[in-house]
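Okay, so here's just one chain, in structure tokens, the form predicted on its own.
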């Protein structure tokens, strides 16, 4: 594959045009979304490319941390916009994403599996935060929906003397599982159905396929831990918001 330049990017717009044509022909009515999405992705990715060049050159620990924080803030905002049954979910989601992501990255850096350099931490952090963002939104929506739908069952359990934790235990497990389902499915089919992004990128860049595979395994394990921690933390924090200190359902 040739090193892509702006000319190749412009030629690839043919694919966008085909997608718009398909939408118009079958009256799917997503032409506007396709056009806006294509322009936004171009602008955002080019801006990120220049920003990463700047960050990589400086190699500042504080700048790396600020970049991860900005990613988490944007991710938390996007995830909280999908949550409808709890007030002010942003802070809970942000804390959960930061906790899951930084614990995972911290362990990998402590074990010296990855070095704390911008070119490693930021791309890996982006993948971890992106997956944690989706997991937090799915988990929070599931726990609030389940407890709301089973309010009578929960209140009956509370009236029989069970604590809020015991009354919500089943829904807690289901919510965490929902948050983790995407990464669990990916791990079952990776390499058989699709080649993941990190591995594909390395192979396209000319790396040895086995080296790419080993890196991808590490990345998937990192995402698995981050998603598991994020899901548990966000469900724990959400459940505590749904009950009073006297074990009553709000």
Partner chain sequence: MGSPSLVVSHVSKIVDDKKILEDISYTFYPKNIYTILGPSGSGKSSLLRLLNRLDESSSGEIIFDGQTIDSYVVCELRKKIGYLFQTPYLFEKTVKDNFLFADNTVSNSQMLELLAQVHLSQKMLESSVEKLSVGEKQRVAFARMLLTKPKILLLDEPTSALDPSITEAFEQFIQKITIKENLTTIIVTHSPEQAMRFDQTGILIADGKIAESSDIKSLLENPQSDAGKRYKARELS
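Numbering follows the first chain given and starts at 1. Please read all numbers here as calculations on a predicted model, not as lab measurements.
Beyond what is shown, the protein has a form predicted together with the partner chain; the following relates to that form.
Asker: 157, 161 and 246 - do all three of these have some heavy atom no more than 4.5 Å from the partner chain in the predicted bound form?
Answerer: Affirmative, all three are within 4.5 Å.
Asker: Out of 149, 177, 153, 81, which one falls within 4.5 Å of the partner chain in the predicted bound form, going by heavy atoms?
Answerer: Checking each option against the partner chain in the predicted bound form, the one that comes within 4.5 Å is 153.
Asker: Just one of 68 to 76, 99 to 107, 162 to 170, 130 to 138 has residues with a heavy atom within 4.5 Å of the partner chain in the predicted bound form, so point it out.
Answerer: The contacting stretch is 162 to 170.
Asker: Suppose contact means any heavy atom within 4.5 Å; which members of 88 to 125 contact the partner chain in the predicted bound form?
Answerer: Nothing in the stretch sits within 4.5 Å of the partner.
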